[in-house]
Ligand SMILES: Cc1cc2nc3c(=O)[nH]c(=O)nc-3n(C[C@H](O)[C@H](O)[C@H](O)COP(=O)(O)OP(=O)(O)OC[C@H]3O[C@@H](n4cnc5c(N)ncnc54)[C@H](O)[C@@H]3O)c2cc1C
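Presented as structure tokens, the chain that follows is alone, the form predicted on its own.
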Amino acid sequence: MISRASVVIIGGGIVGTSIAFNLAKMGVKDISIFEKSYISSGSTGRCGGGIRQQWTSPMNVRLAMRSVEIFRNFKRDVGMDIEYYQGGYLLLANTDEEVIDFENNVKMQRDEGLDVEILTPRQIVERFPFINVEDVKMGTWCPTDGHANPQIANIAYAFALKRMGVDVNTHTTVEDIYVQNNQIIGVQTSKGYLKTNVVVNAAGGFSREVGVMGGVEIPTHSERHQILVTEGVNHILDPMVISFHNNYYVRQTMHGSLVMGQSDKNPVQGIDLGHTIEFLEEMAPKMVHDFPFMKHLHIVRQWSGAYNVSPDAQPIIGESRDVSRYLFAVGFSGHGFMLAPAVGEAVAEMIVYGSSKTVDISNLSIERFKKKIKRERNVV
């Protein structure tokens, strides 16, 4: 560990490593990143791996579209195959209210330049005959959506950081952030003290606690979300499929396994990484109903991860007005992996240039919560 850093990043997940990678690309020296466990041990390593551009918020659409541009060249630019596959996303509308909502979403998404279309139930069956559409009223389809392996992507960034000379510290906890006259002067870690004037909070499920260390109240909390994976089968599922009404998402990995998850009906706030039999009892019947081919599939295992949730289910990205050069990229509400490449670029630009250049993220600042907010609705 070095004794002085130009930038300290707290959190070695996909967001923190993406920020560090982009800073190093821009020529910033003496970057330190701290992860209290191993790389990809937190929410990144526990997520479903989807990469979606179909949102109800224009800001999320823009960030996701930029991330897709970066993901396309990830192997070339970062140096590792992350199993990136543009198999598309199919979103299912199961109610009349969702049909209206989806139609409005598609209009906005097209205005943002996204290639997305509306499908009738008949068109869904023609393209994806393995889906039971008896309860489906409409679908939306974006062929450039897709998925990748989040663990490999996170590790790829970490390996690249080491090649670029970034000070990567795993199994190292940041215990305090020292502030003097509203200026950051250093951080205390489990391995010693480090001088710095710039700190980035990318602590995922622990974002609120890391905010308090620096004297900043961040309106996030964490919730448990559960996932399961099946045995591998022959390839059948190109797209990732989501039903917001039925509360599920599902995709097939490169190895043939099916990964699927849902939100807990009554999520308890906090870092609870346990899992329940109720999750399996809820998931199994609805998945077999909508995907009859799954009837005889065996479940291999289940796990859980922490969704770090903001009040409007959009990320909180920006700099504190109370503590100079204390930045944060938190509250992704389950979508940090898919937005991370663009967010890493934007935060690095904020640090180097004073504002984000490639995608303007100024409306994601913490100050927005002083006004009336509009919630992102396309979340599971």
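Because the structure is a prediction, the values reported are computed rather than measured. Heads up: residue numbers just count along the shown sequence, starting at 1.
The same protein has a further form, the form predicted together with the named molecule, not shown here; the description that follows concerns it.
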- Item | Segment assignment from 367-375, 21-29, 5-13, 352-360: heavy atom within 4.5 Å of the named molecule in the model of the complex | 5-13
- Query: With the partner absent here, would 43, 46 and 335 each sit within 4.5 Å of the named molecule in the model of the complex, counting heavy atoms only?
  - Reply: yes
- Query: Is residue 50 a contact residue for the named molecule in the model of the complex, using a 4.5 Å heavy atom cut-off?
  - Reply: yes
- Report whether the minimum heavy atom distance between residue 305 and the named molecule in the model of the complex is within 4.5 Å. yes
- Item | Non-hydrogen atom contact residue 36 with the named molecule in the model of the complex at 4.5 angstroms | yes
- Message: I'd like to know whether residue 172 contacts the named molecule in the model of the complex, with contact meaning heavy atoms within 4.5 angstroms.
- Response: yes
- Task: Heavy atom within 4.5 Å of the named molecule in the model of the complex: which of 237, 82, 227, 78 fits that? Just give me the one.
- Result: 227
- Only hit among 241, 158, 210, 166 for heavy atom within 4.5 Å of the named molecule in the model of the complex is 210
